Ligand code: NAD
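Next up is one chain by itself, shown in structure tokens, the form predicted alone.
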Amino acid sequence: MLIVPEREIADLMTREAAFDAVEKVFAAMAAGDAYNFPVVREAIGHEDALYGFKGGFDRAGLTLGLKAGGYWPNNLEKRDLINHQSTVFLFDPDTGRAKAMVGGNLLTALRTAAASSVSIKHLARKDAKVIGMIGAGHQATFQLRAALEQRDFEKVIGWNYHPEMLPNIEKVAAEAGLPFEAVELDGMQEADVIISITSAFAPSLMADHVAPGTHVACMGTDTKGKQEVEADLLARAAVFTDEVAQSISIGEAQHAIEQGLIKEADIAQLGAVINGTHKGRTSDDQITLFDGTGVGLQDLAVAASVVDLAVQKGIAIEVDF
């Protein structure tokens, strides 16, 4: 079995490689060539942690495995560790033997950012100029860096539950040579693209905060009960997702479904837009919304890429297992 430690990931996986892996796996899912297993996601009753498993199988790429991990909200304050912790395990689909164990923390950040970035590429208006960020934590910086590569943005605006964290995304904007402005939530009406990346269980972004023609990427809702945006927003939007089954059960769409505002049939796979089997955005005034629930196949795709690179560079650690 091969091991690629967390410390090696930064030198192996780039934003570009993560984007390519995620875009391809979304397309494979929509084509029926890859599928995810049911998600296990539980509050464990210790350290307020959420822990679970996401797995799947890509027939085309012969990638089989799972990611184990979750969210430990006290890590940063108590232990100076990031709150999201995970490890990816890959298996040989021909034999079932363990093939690789890969550090999943940076990979999770990169693949999550890649997913919203893919949605911007395929759903946002071509002339999008202002990007709005809801959330300013660790993951928000990854989201913004990836998103800025998809359009010629001219300005970044941001809102966070804790305003003192906004310098995190202001720094990223400055790195890109863009002005940053802290706004109230109704100021998001200026944005052409909005990324919401929080761990909230109550909506902050309301339907009236979103202007016609905006693309919204909801990236924080991946558990039953979580909610970042008002359910009415999904009723006003063309809704796309990574995995429909997850979207309606643990994603942002769960609330709109429960309230009868939309039906499962109203939600399309982003992969179908990538494949050209769904038209995607239909007008400049249409609101599009991507419900990024995070699928196991994303993790497996980026992990498999990392293992290949680690072998090529002689970094992978081989153990008898």
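As the structure is a computational prediction, the values presented were derived from the model and not from experiment. Just count from 1 along the sequence shown to find any residue number. Rigid core: the largest C-alpha set superposing within 1.5 Å between the two forms.
Heads up, the form predicted together with the named molecule isn't pictured, but that's what we're talking about next.
**Item:** Proximity to the named molecule in the predicted bound form, single hit among 78, 162, 224, 171 (heavy atom within 4.5 Å)
**Value:** Only one listed residue qualifies here, and that residue is 162.
**Among the candidates 150, 199, 87, 249, the residue which, in the predicted bound form, approaches the named molecule to within 4.5 Å (heavy atoms)** = Residue within 4.5 Å of the partner: 199.
**Request:** Indicate whether residue 137 is a 4.5 Å heavy atom neighbour of the named molecule in the predicted bound form.
**Result:** Yes, residue 137 sits close enough to the named molecule in the predicted bound form that at least one of its heavy atoms falls within 4.5 Å.
**Prompt:** Would residue 108 count as a contact of the named molecule in the predicted bound form, using a 4.5 angstroms cut-off between non-hydrogen atoms?
**Reply:** Within the cut-off, so yes.
**Request:** Determine whether any heavy atom of residue 158 comes within 4.5 Å of a heavy atom of the named molecule in the predicted bound form, and answer yes or no.
**Result:** Judged by the heavy-atom cut-off of 4.5 Å, residue 158 is well away from the named molecule in the predicted bound form.
**Prompt:** Any chance residue 220 has a heavy atom within 4.5 Å of the named molecule in the predicted bound form?
**Reply:** Heavy-atom contact with the named molecule at 4.5 Å: present for residue 220.
**Prompt:** Heavy atoms within 4.5 Å of the named molecule in the predicted bound form: which stretch among 291 to 299, 257 to 265, 32 to 40, 270 to 278?
**Reply:** That would be stretch 291 to 299.
**Message:** Aligned on the rigid core, do the two forms place the Cα of residue 262 2 Å or more apart, comparing between this form and the one not shown?
**Reply:** Stays below the 2 Å threshold, so no.
**Message:** Would residue 50 count as moving between this form and the one not shown, using a Cα shift of 2 angstroms or more after superposing the core as the test?
**Reply:** Yes; that C-alpha moves by at least 2 Å between this form and the one not shown.
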